[in-house]
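The chain below stands alone, shown as structure tokens; this is the form predicted on its own.
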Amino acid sequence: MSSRVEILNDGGYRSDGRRQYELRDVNIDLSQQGTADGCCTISHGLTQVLVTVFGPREAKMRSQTLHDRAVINVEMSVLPFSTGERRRRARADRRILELAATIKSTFEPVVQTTLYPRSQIDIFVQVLQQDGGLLHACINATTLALISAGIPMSDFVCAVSGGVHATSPLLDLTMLEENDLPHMTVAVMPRTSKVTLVALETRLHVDRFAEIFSLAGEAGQALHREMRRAVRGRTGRLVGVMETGMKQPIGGEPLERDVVMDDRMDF
């Protein structure tokens, strides 16, 4: 049975007014949340996710401690009002467990866990609103939350979803499009051009896979620029606050800063 809403019309526009390769508006907030070491709230269109990071800190359970690296723990919760289903999902829900395991396996090769032996890094993901692209929103928010926490990573992880309508590839799918189209999520590391995740949510014809994979990689580069801009903005504000707090001593030499920050960021 076909969808009641036309996904892609004859003019090349989708149901929300975007073109095939257009991404939804991305809003990033790196403001501090409570006692967390790193936080990020990200919105991809109407999909909104909050990620908080605690650690590295001493492992709570000795049985889970590794002597040569840190352990990454991911917990995910979906708020009841985040979707139209209006039903509460338990932490043991199969879909939530799958998403948490996917996020963990995505970041284990990227986070430099060997720098923190016998410790753990806890990542808490809260889904505030859903309208498609949930996995890639969680991955992007986790990347920024880890950076905000000051945890070393080999590169950014930038993810985006892609699908195909008839023979037309689409990027950054909404929930309406995900329900009707075969799609997948790709996470790339822009600086090294490596792929850390390819998740197929449905069956996708092999002839379309390469095209969508390539487009998702290019979209990851565009997302990387937005994420890097947010990190630079947050860092600039923090440096500004630090400089404001440094007072000039009366009749003496100016205080020397312990850290000199280069204007360039190699991310």
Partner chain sequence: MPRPPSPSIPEKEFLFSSLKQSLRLDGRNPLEMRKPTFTFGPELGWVECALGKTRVIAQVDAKMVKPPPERPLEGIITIHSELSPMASSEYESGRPSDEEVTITRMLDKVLRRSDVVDKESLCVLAGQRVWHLRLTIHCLADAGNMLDCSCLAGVVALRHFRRPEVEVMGDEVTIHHPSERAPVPLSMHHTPYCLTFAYFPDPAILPVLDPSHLEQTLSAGLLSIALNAQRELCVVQKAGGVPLAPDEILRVVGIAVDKAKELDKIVEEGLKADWAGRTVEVR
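Just so we're clear, the structure is a prediction, and the values are computed from it rather than from any experiment. Residue numbers count along the first chain shown, from 1.
There is also a form predicted in complex with the partner chain; it is not shown, and the following applies to it.
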Contact test in the predicted bound form: L197 vs the partner chain, heavy atoms, 4.5 Å: yes
Using the partner position in the predicted bound form, report whether F54 sits within 4.5 Å of the partner chain, counting heavy atoms only. no
Can you tell me if L204 lies within 4.5 angstroms of the partner chain in the predicted bound form, counting non-hydrogen atoms only? yes
Non-hydrogen atom contact L97 with the partner chain in the predicted bound form at 4.5 angstroms: yes
Heavy atoms, 4.5 Å, the partner chain in the predicted bound form: which of 45 to 53, 207 to 215, 22 to 30, 229 to 237 makes the cut? Say which one. 207 to 215
In the predicted bound form, which of the listed residues (A149, M189, M153, M175) lies with a heavy atom within 4.5 Å of the partner chain? M189
Just to be sure I understand the contacts: of S119, Q129, T102, Q126, which is the one whose heavy atoms reach within 4.5 angstroms of the partner chain in the predicted bound form? T102
